[in-house]
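The form predicted on its own is given below as one chain in structure tokens.
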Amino acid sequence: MSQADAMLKRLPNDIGGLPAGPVRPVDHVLEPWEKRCHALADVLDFHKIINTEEKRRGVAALGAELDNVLSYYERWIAAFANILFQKGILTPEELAVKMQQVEARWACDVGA
């Protein structure tokens, strides 16, 4: 199998069998935004908007470059956004407006 064939058959997060160093598990307390992201996944699944398989495919579709720079929950968020865009439930413009509102609210909270 050529390297190109192997790359086509292996998704970015499919790293099983590849050379790697030792696994160093690290436990950490989830940040509030990470907990909200997980809750959002549950809500989207409960309401049959995005299911677990769609989320998995959405994360894999981000590609190796983003897979290597985004954290676990950042990949979820990017996948959710892309899927919601594809389904016509949310537009990039609507997301941008909401992000600006949250950023402004956060700036006020931090400055208070």
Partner chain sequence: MFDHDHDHPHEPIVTAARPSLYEIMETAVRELLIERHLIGAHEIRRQIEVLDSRTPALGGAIVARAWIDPAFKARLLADGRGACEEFGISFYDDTSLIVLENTEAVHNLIVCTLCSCYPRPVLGLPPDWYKLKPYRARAIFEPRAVLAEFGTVIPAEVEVRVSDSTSMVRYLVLPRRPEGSDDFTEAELAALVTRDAMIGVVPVNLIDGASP
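Residue numbers count along the first chain shown, from 1. Because the structure is a prediction, the values reported are computed rather than measured.
One more form of this protein exists, namely the form predicted in complex with its partner chain; it is left out here, but the text below deals with it.
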**OP:** Using the partner position in the predicted complex, report whether Q86 sits within 4.5 Å of its partner chain, counting heavy atoms only.
**Re:** no
Original post:
How about A61: is it within 4.5 Å of its partner chain in the predicted complex, going by heavy atoms?
Top reply: no
**OP:** At a 4.5 angstroms cut-off on non-hydrogen atoms, which residues of 86-100 are near its partner chain in the predicted complex? List them in order.
**Re:** I89, L90, E94, L95, K98, M99
